[in-house]
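The chain below stands alone, shown as structure tokens; this is the form predicted on its own.
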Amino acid sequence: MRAILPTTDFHPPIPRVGDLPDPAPGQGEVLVAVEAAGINHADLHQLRGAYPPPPGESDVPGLECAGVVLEGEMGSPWQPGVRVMALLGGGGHATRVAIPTGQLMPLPDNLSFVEGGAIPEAALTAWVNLVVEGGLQAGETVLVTGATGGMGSFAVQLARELGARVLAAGRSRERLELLRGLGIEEVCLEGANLPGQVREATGGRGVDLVLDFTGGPETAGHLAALAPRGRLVVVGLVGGRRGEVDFGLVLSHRLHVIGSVLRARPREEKARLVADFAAFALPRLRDGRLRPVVDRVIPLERAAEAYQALERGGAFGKIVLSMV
């Protein structure tokens, strides 16, 4: 198979494409021919040596894919020829991948492989941190930061479908305005005035939940945007690993600060999360209430170009690798 090769040369983190043996599916796994795979900041961190795969997972980067089952599992719905999309612990940036059956979802007929490849990691990250960690309830208000990226652009839609009022934050007014086409009415610019914009949009109250895809120095403003007893879930650190926190605010407003990762969770837990997400979201993906946002598609053989584009920033939605 063709794949982005595992590496220990972390300086500079440039992906190299080459040949590797096809993976052999183990017990409870199926072999999938990958057609498309999204790329995520986690893949960049892995190339830098800062985010190794969990034990037992592939050293090849790639946390999501879409493709066709080649070798199925007896008695399961995952038989050869079935179109699927999947959440992965690694291995998606290759033409073949072995996938635990609990992490597979059917790819709706109305979606292309490219669209399917942009969904699983973004969608499950949003589901876990809005629903499981964030405890979002219908009627609450949520602020999604980094809302124009691959994960944020799906998270704002999912929050809307969960019955929340959604405020979307980012650095580009132009890209934020594109979110209105996804049904998002309130947009805010990141920066010193973000808490003020949030207060104005919420009648002075603040939001119940912040889904923080950026971290770094901006987190102080995200905390200041919370209503009393509000929750902040830190999911990404594209803005940096460090920032100042006003613990007086945390104490006086009885705020909850939650850190969350998805990749390291056991396969059994991932299977439960995938099943719960699929039950809620697949009907909405089929009828268009939820849809992935794809910024561009780049062939696997030009993976370095795709990774560099992700690192530069400025994409609206997902950057996806095509295997064909």
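Numbers for residues come from their place in the sequence shown, where the first is 1. Remember, it's a predicted structure, so these values are computed and weren't measured experimentally.
The same protein also has a form predicted together with a small molecule, omitted here; what follows describes it.
Inset, instruction - Decide whether L310 counts as a contact residue for the small molecule in the predicted bound form under a heavy atom distance cut-off of 4.5 Å. - result: Looking in the predicted bound form, residue contacts with the small molecule include L310, since a heavy atom lies within 4.5 Å.
Inset, instruction - Evaluate V257 for contact with the small molecule in the predicted bound form, applying a 4.5 angstroms cut-off between non-hydrogen atoms, and reply yes or no. - result: No, V257 stays farther than 4.5 Å from the small molecule in the predicted bound form.
Inset, instruction - Look up in the predicted bound form whether S112 has a non-hydrogen atom within 4.5 angstroms of the small molecule, and give yes or no. - result: Because no heavy atom of S112 falls inside 4.5 Å of the small molecule in the predicted bound form, the answer is no.
Legend entry - Touches the small molecule in the predicted bound form: I298 (any heavy atom, 4.5 Å): The answer is no: I298 has no heavy atom within 4.5 Å of the small molecule.
Inset, instruction - Could you spot which one of V97, V198, L209, A147 gets a heavy atom to within 4.5 Å of the small molecule in the predicted bound form? - result: Result of the distance check: A147.
Legend entry - Position in contact with the small molecule when the complex is considered in the predicted bound form, options V82, V132, A220, L237, heavy atoms within 4.5 Å: By the 4.5 Å heavy-atom cutoff, the listed residue in contact is L237.
Legend entry - Candidate stretches 74 to 82, 171 to 179, 201 to 209, 99 to 107 - the one whose heavy atoms come within 4.5 Å of the small molecule in the predicted bound form: Looking at the other structure, the answer is 171 to 179.
Legend entry - All of H41, V261 and G317 with a heavy atom within 4.5 Å of the small molecule in the predicted bound form: Yes: H41, V261 and G317 each sit within 4.5 Å of the small molecule in the predicted bound form.
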